[in-house]
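In structure tokens, the next block holds one chain alone, the form predicted on its own.
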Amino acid sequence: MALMQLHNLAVENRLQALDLELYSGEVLGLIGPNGAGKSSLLLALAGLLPYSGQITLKQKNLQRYSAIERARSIALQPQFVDSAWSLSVHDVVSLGRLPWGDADQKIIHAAMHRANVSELARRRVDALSGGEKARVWLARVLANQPQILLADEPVANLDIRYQRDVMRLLREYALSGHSVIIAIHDLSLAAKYCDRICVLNNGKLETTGRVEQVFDEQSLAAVFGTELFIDLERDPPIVLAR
């Protein structure tokens, strides 16, 4: 049974009506060119964009959840992670506990450890590099312990090592009984770490399926407007523009 179901979900001028299901234990990758609607979909699911249609979570309409219930169930790691305040890393990660009304230090320190930012705990977040900030905001989301974790380009500012580490972490989080939705541009990483792929283009859902079903050179070339070379037999998979 699906953990979350989307029926005729639309966002004005951003997303056309789409149907989609999300299952516990899976990583769902959102791919598509710039402006396809990936971030808009995540923002709608997080309650940050008005939408039409219906979203159900555990067979219950999401609009019937209280704000606190929704914040505890769904958390978003945004694409842009600049802070308006000069907070310490520890304080930023602690904000992830706000929906629960506590500051459970065991959970907070575990989240920092998992995101590999424990050594940054006392530093001011506005003094960090872009990649360090991205990992701090991931730790904040992990501290919330949401049932559904939404990540908008979580590896965009990271070097190769941390890209791998973050994708592994998100995969492990899904396997621990949660679900993860990732908007991602790196198609090779999407092919390696996602269970299913959702292809968006011009605000429309083109197709959804397992990696081997969706990663077709001709179909994706039409979406991205360029010829692609795809080799899913390699580890990691190779997806390149010709």
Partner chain sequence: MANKLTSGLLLLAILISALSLHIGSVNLDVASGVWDWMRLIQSREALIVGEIRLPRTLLALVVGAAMGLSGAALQGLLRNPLVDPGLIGVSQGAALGAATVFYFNLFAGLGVLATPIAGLLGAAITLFILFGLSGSIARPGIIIMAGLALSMLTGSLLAMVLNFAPNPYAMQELVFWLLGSVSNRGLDHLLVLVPAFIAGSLLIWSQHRLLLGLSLGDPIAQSMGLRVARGSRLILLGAALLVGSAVAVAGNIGFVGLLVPHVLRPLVNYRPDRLLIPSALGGALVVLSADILVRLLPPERELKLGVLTALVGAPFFIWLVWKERQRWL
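Numbering follows the first chain given and starts at 1. Keep in mind it's a predicted model, so treat the numbers as computed, not measured.
Below: the form predicted in complex with the partner chain, not depicted.
Looking at 154 to 162, 108 to 116, 137 to 145, 168 to 176, the stretch with residues near the partner chain in the model of the complex, meaning non-hydrogen atoms within 4.5 angstroms, turns out to be 137 to 145. At the 4.5 Å threshold, heavy atoms of Val214 stay clear of the partner chain in the model of the complex, well away from it. Put simply, Arg70 is close to the partner chain in the model of the complex: some heavy atom of it is within 4.5 Å. Among heavy atoms of Leu76, some come within 4.5 Å of the partner chain in the model of the complex. Contact check for Ser129: every heavy atom lies farther than 4.5 Å from the partner chain in the model of the complex. Shown here without its partner, the chain carries Leu48, Val81 and Ser86, all of which come within 4.5 Å of the partner chain in the model of the complex through at least one heavy atom.
Along 1 to 28, a non-hydrogen atom within 4.5 Å of the partner chain in the model of the complex is carried by no residue at all.
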